[in-house]
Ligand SMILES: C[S@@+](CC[C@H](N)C(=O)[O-])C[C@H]1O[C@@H](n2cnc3c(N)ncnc32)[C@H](O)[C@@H]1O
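One chain is shown next in structure tokens, namely the form predicted on its own.
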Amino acid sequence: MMIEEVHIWRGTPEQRSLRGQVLKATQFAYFDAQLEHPDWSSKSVLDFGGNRGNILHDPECEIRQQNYYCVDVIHEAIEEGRKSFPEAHWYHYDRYNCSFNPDGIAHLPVPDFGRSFDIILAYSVFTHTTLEEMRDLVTQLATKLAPGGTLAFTFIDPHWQGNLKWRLERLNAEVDWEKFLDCSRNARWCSLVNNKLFFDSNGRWPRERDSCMTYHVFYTEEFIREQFPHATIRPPVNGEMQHCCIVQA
């Protein structure tokens, strides 16, 4: 059984104790490749859903702390990031998320930063929100781009190199996931809620906010192209499983 990102923030004491050992810091290399190596040192960057500023933990990261703004729904993550990178800018975004921030405020607008950004990044954010939230948040974020700016966000295609199969196989080996995979072959998008799979749907989840719920959403490349027809879609790089959707101002 794999440990989920949500568990290191909202799981058992044992799971939360692993937080220092679980830090993904490959985001800079990923976006640097997808955006074709911009001059990061001169760019203002908004890391939407940036957790504790994971992208800055890459020793090769060229983003200047003073130009870096991080937003996340996890208050503890923002506080940890602030301690690690005090010259950067940190914002707790108390918006409802069924998994990471169930006590948050539904439909809370993206904060006003008093400025626009050259680059806005969102790594593995819309893999944990509903379809409607993704549409809403992408629209809001696009308004915060400077002229000529770039918004880049990731999504996971369930059919690309067995992404969904990889995820399901690591949840519970005793379940016949092949049966579910057969059902998913024609799905344009799907959600995985507490290990229950829903096709072409956001899924359903319990109302109890004390539960630590896992929530994953998968979109095919074709479906994302339909949602954002003017965007550029690029395949995964660097051994990652996530595609990149790039929207220009």
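Source: prediction; values computed, not measured. Residue numbers here begin at 1 and follow the sequence given.
Not pictured, yet referred to below: the form predicted together with the named molecule.
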In the model of the complex, does F48 have a heavy atom within 4.5 Å of the named molecule? yes
Classify T129 as contacting or not contacting the named molecule in the model of the complex by the rule of any non-hydrogen atom within 4.5 angstroms, answering yes or no. yes
is_contact(D72, the named molecule) in the model of the complex, heavy atom dist at most 4.5 Å: yes
I'd like to know whether N194 contacts the named molecule in the model of the complex, with contact meaning heavy atoms within 4.5 angstroms. no
Note: the named molecule not shown here; in the model of the complex, the stretch from 112 to 120, 159 to 167, 79 to 87, 96 to 104 having heavy atoms within 4.5 Å of it is 96 to 104
Is it true that Q27, V125 and L137, all three, sit within 4.5 Å of the named molecule in the model of the complex, judged by heavy atoms? yes
With the partner omitted here, the residue among S184, N202, N54, T214 that in the model of the complex has a heavy atom within 4.5 Å of the named molecule is N54
